[in-house]
Each structure stands twice: as C-alpha cells, then as structure tokens.
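Below you'll find only one chain, the form predicted on its own, shown as structure tokens.
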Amino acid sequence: MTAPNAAQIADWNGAVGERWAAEQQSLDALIQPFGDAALAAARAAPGEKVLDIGCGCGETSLTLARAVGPSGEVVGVDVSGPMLRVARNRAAGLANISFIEADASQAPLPAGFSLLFSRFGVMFFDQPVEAFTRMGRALAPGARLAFVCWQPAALNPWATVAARAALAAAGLPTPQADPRAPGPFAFADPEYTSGILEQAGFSNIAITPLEAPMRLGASPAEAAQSALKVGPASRIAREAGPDAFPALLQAVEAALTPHASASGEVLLPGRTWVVTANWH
C-alpha cells in the first residue's frame, strides 16, 4: 500500500524541490502579491503562536515571525528537505522561528497554535479532510485559519499558455486528470474547499477572489526558460526528456511572445482564492 502523499513527498524532495530552492528569490517575488493578501487576512499579532503549512523556503514564516515578535513563535512545516535547508539558513539566529521536515497530515504536531497559515501549501494532500482535521487538532479553541490557493487552471494563463505549447511540442496528449487530485489547482472549486473545511471542523468560512499580475520574465525568452524550470510546463519538460528541450523552449517562447508588453516583459494574470475560517 502506498504511503499517504508519497508522490508529492517524492516530487518535493527531488527535482521540483531542488529547483524551487534554487529559484527561491524569483519565485517568492512572482507570488508575493498572493502571499501578502493571505498574510493580511491572517492578521498575525505580537505574542501569537503560528503554524505555517507548506512553508517552503521560509518567506512567509519569516514575515510571520516579524509580526508575532520575540514573545511569539512560528513553526514552519514542509515535506521538502531542499527547501527547508534554504529556510533554515535564512532564519539562522532567530529564536522565535523553527522548522519541521514532515507531512503535516501525518506527523505529530505541537499544540496550542492560534493561527494556521499557508501560502499555496495545502492543496497537495491525498486525503484533505483528514489532513485539515489533524492540523486542526494542533490549534487552540477559536484559532484562525488563513490560506491562499489557486482558482481553476483555465483562469490562470501563467500556467496554461506555456503548458499547452510544451505539450504540443512534445507530442504528448492533454492529460485528463481529476481536477480535485492533489496538486496546485486541487482547491479551485470554492464549494469543494468549503466542504472540506466544514467536515474537518472549521466554521465562519470565507472565500474571497484575488487577482494580481504575474511577471513571468523580462522577455518571452526569459519567461520560457522560467516556465520550463518550475510550474506545469516543467513537468512536461521532464517527461519529454532533455533531447526535446530545445523544441519545447522554442514553442513556449513563441506562445508567450503575444503576451509581451511594449517593454518586452511578460505579464499574465494570476487568480486565487483567499480562504479564512475559525477552528471550533
């Protein structure tokens, strides 16, 4: 029997995690507007104890640690060893922040948190109701939840334009995946997400749309290189193999060129949901 979340754990400790760790600065800048919106909704205050799920390279954990101050505490949890190495280096010397390499849906967690936070880190669980139930047990009564997740892929051309071009260039069929399967867009349906949280024991659930531009690169060529390193198109590139990379790069650059501004930079909209709730 396959262990829960095994595929995601393998990905984030392999090429995916290594690339995210290597590209930390550019990727954090790319998704900063969405993380900032979730942080604003979270309202972390001095003295609070915060659990940051899917903390990755530590960007949001560091921001939360500044918000809660020396009397507070932030615990970041992630399955990715490569990304947590970056996070620990960035947080060196800070007494109010620590990191745990673990699957938050399975591992024992400390208790008494007043805030459960995540920036794009909670859509990857094989069994989401069980995962949120387990994470909820780490919360104090009345604790808050705040996270940001993607709206449907069809509303996020930053993901689909490059992926469609890469698929065509690689001669691969369009995958017919379950839209609720673990992955970036698993929580695209707000009713589905709300149902998960209700079943897990959360209440006062609010799901608010947020759109912001995503700067994919200073030019179509730069944007194509980035798309084939990280994101849906990068998985296609790995599947197709290194020999196919030049053709994929050419195809993705051509697909992104019509989206370039007069200055050459490629900006495409990112559409997300900001989700808040309370633990019972």
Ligand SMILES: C[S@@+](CC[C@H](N)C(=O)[O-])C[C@H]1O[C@@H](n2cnc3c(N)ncnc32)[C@H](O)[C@@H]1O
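Values in this document were obtained by computation on a predicted structure and should not be read as measured data. Each residue number is its position in the shown sequence, starting from 1.
Note that the form predicted together with the ligand isn't included here; everything after this is about it.
*Output flag, Leu51, Val68 and Phe113 jointly within 4.5 Å of the ligand in the model of the complex, heavy atom basis*: No, the whole trio is out of contact, none within 4.5 Å by any heavy atom.
_Within 4.5 angstroms, counting heavy atoms, which one of the listed stretches 221 to 229, 55 to 63, 37 to 45, 238 to 246 is next to the ligand in the model of the complex?_
In short, 55 to 63.
*Does the ligand come within 4.5 Å of any heavy atom of Val79 in the model of the complex?*
Yes, Val79 lies within 4.5 Å of the ligand in the model of the complex.
*Answer with yes or no whether Ala140 is in contact with the ligand in the model of the complex, where contact means some heavy atom within 4.5 Å.*
Contact check for Ala140: no, nothing within 4.5 Å of the ligand in the model of the complex.
*asked:* Given that the ligand is not shown alongside this chain, does Phe125 nevertheless sit within 4.5 Å of it in the model of the complex, heavy atom to heavy atom?
replied: Judged by the heavy-atom cut-off of 4.5 Å, Phe125 is in contact with the ligand in the model of the complex.
*Decide whether Asp28 counts as a contact residue for the ligand in the model of the complex under a heavy atom distance cut-off of 4.5 Å.*
Yes, Asp28 is a contact residue.
*The unique member of Leu197, Val74, Met83, Ala166 whose heavy atoms fall within 4.5 Å of the ligand in the model of the complex*: Checking each option against the ligand in the model of the complex, the one that comes within 4.5 Å is Met83.
_Within 4.5 Å, heavy atoms only, which of Ile205, Leu210, Ala102, Leu155 is in contact with the ligand in the model of the complex?_
Contact check passes for Ala102.
*Looking at the ligand in the model of the complex, which residues in 245 to 264 have at least one heavy atom within 4.5 Å of it?*
Going through 245 to 264 in order - heavy atoms within 4.5 Å of the ligand in the model of the complex - there are no hits.
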